[in-house]
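This document opens with one chain alone, in structure tokens, the form predicted on its own.
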């Protein structure tokens, strides 16, 4: 029977993708390599297969999963747009010799067709594509909401691993920043700030409204004032908060791509022609060093 396959090693993202897949009315199968996640994923309405094999690397099962997809008659494959997910998606699509779209920003499944949109040329254009037959897409967090449904089944799935690549060592990635994708409010600082010590002024504003602190690419990768995890943009974090405040952010298209799903966008910049104003719901043209302390004081006096 035609259906949808879902995978992401990030449990929350997998729940979102399963919830959307279930809403289409098709049979949904989720795979996981972590037995502890099986019950969580099943509660979203998917039949969950816990993969068992000689390797604990998901990337080693691209060929085996391609065969599973063919045998089960699956039409669409939704995979989380993580580094690991993109690797596995490309492998599966290659073995199936089927259509694939990466990092889609819009997704709709209509019968055997998968309709999607994705940003191209660094966010300058939106490409609309319709994939027919077996198709694979990678999807980032925040596009769909988790929904609990009648629990699906949980079974084991024995697959043959490709052992040409072996894991010889594992070291944890040391992350210094916060998870901006889960933040409800974000204050973002841009290259309009003069010196690193002035970050404290913006932190005070963020604390006054219970927001997390983010930044543009230049602040993280050129000046190294904040960790890379706090960089927002097309190649950084793509966020979906209720409130985004850009302080000294010019608003180039690569950055706006990462904030465009915010419910309310506020821009503070002394350049009235800054591109961010075109995307903002509210804008203040003024010197951040005058405006930010006044806003912070006004909030604290509420």
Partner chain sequence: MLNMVACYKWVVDEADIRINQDLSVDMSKAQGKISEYDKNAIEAAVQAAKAAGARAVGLTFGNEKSKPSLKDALSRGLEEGYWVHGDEADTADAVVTAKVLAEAIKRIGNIGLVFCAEGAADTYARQTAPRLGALLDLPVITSAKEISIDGNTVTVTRKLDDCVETVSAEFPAIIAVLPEANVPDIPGLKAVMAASKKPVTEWRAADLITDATPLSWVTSVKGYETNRKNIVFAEGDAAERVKQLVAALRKEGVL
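So that the term is clear: the rigid core is the largest set of C-alpha atoms that superpose within 1.5 Å between two forms. Remember, predicted model here, so these are calculated numbers, not experimental data. Positions refer to the first chain, counted from 1.
Below, we turn to the form predicted together with its partner chain, even though it does not appear here.
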**Item:** Candidate site 128, 209 and 221: all three near its partner chain in the model of the complex by heavy atom within 4.5 Å
**Value:** yes
Among 190 to 198, 101 to 109, 148 to 156, 70 to 78, the stretch whose residues bring a heavy atom within 4.5 Å of its partner chain in the model of the complex is 101 to 109
- Might residue 26 be said to contact its partner chain in the model of the complex, defining contact as any heavy atom within 4.5 Å? no
Exercise. Should residue 22 be counted as a contact of its partner chain in the model of the complex, where contact means heavy atoms within 4.5 Å?
Worked result: no
| request: Classify residue 144 as contacting or not contacting its partner chain in the model of the complex by the rule of any non-hydrogen atom within 4.5 angstroms, answering yes or no. | output: no
| said: My question is simply whether residue 273 lines the interface with its partner chain in the model of the complex - judged by any non-hydrogen atom within 4.5 Å. | reply: no
With the partner omitted here, the residue among 183, 226, 213, 93 that in the model of the complex has a heavy atom within 4.5 Å of its partner chain is 93
Across 132 to 149, the residues having a non-hydrogen atom within 4.5 Å of its partner chain in the model of the complex turn out to be 132
- [ ] With both forms fitted on the core, give yes or no for whether the Cα of residue 12 moves by 2 angstroms or more between this form and the one not shown.
- [x] no
Any chance the CA of residue 224 moves 2 angstroms or more between this form and the one not shown, core superposed?
yes
**OP:** Answer yes if the CA of residue 208 moves 2 Å or more between this form and the one not shown after aligning the rigid core, and no otherwise.
**Re:** yes
